[in-house]
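A lone chain, given as structure tokens: the form predicted alone.
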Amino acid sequence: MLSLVGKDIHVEFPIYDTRARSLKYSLGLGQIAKGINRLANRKINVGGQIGMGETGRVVIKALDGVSFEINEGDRIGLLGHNGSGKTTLLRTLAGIYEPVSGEIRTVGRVFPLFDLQLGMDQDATGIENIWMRGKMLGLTERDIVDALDDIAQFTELGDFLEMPTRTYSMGMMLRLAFAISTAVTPEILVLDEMIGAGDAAFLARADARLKNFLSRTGILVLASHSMPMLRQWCNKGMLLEHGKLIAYGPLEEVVARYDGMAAS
């Protein structure tokens, strides 16, 4: 059974700016530590809190002791203000960021979908990009062959699939990237906001494909500021505040907690 389990996850970003270094050398690490201790409880809207990290450096604590258990069938909506740690958590689940402490235990393959066009080559043809992007997404050659007709039909690019993608409009490129990315069947899908696919007419056609794509995934973790989107796709919620997980449970209960914070 698919699952994602996080145990006391800490993700930190060291501060290396000129001022921090000059203070360190002019006052000494001991004085810096005293100053940071006074700031440790000061919360900021840039993804966590300023504090002394595990290595003794001045850091932004982007995730601070986050624990959770996500099981097959769960559709998780991540809530929180800008800088609360939503994107950091998604990128940690995807293996892009490594925790300085704690652990993530994963059963199943995590499929991060942050950039539809990642790995696509402007000088390659549409067909060549289908192969390259498909390989990057973990599709086998058989999978790609089976998906080619579906992708071609859905994009309606016709002979343009034989042309370099640098000749495409932005809308054409997005349609191709969208069609390739939704050809997979993800086990664990992590999304930062919802993926778009170009003009209004194409978006109407894309809606059914997107619904099918999301329904096939075993676990969905979606960060979005759109409550209608979260209510449409998610059955549970996680509420983050300054890198801490402060609520996790049925979506409407977590939304109510979030609304209460916003109103206070």
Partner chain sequence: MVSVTWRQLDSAAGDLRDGILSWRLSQFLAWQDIKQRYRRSTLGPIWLTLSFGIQILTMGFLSAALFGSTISKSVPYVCAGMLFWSLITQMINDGATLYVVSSRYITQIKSPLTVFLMQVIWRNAIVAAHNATIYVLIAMAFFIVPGPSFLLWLPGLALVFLCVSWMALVAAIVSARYRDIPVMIQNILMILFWLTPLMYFPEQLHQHRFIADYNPFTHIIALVREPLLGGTPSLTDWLVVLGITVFGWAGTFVFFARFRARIVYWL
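Residue numbers count along the first chain shown, from 1. Just so we're clear, the structure is a prediction, and the values are computed from it rather than from any experiment.
Not on display, but discussed next: the form predicted together with its partner chain.
Taking a 4.5 Å heavy atom cutoff to its partner chain in the model of the complex, the contact residue among D143, D121, D150, E187 is D121. No residue of the trio H81, G171 and G249 has any heavy atom within 4.5 Å of its partner chain in the model of the complex. Contact with its partner chain, judged by heavy atoms within 4.5 Å in the model of the complex, is confined among 177-185, 150-158, 71-79, 126-134 to 126-134. Although the partner is absent here, E162 sits far enough away that none of its heavy atoms falls within 4.5 Å of its partner chain in the model of the complex. At least one heavy atom of E12 is located within 4.5 Å of its partner chain in the model of the complex. Proximity of V107 to its partner chain in the model of the complex falls outside the 4.5 Å heavy atom cutoff. Along 87-102, residues R91, A94, G95, I96, Y97, E98, P99, V100 each place a heavy atom within 4.5 Å of its partner chain in the model of the complex.
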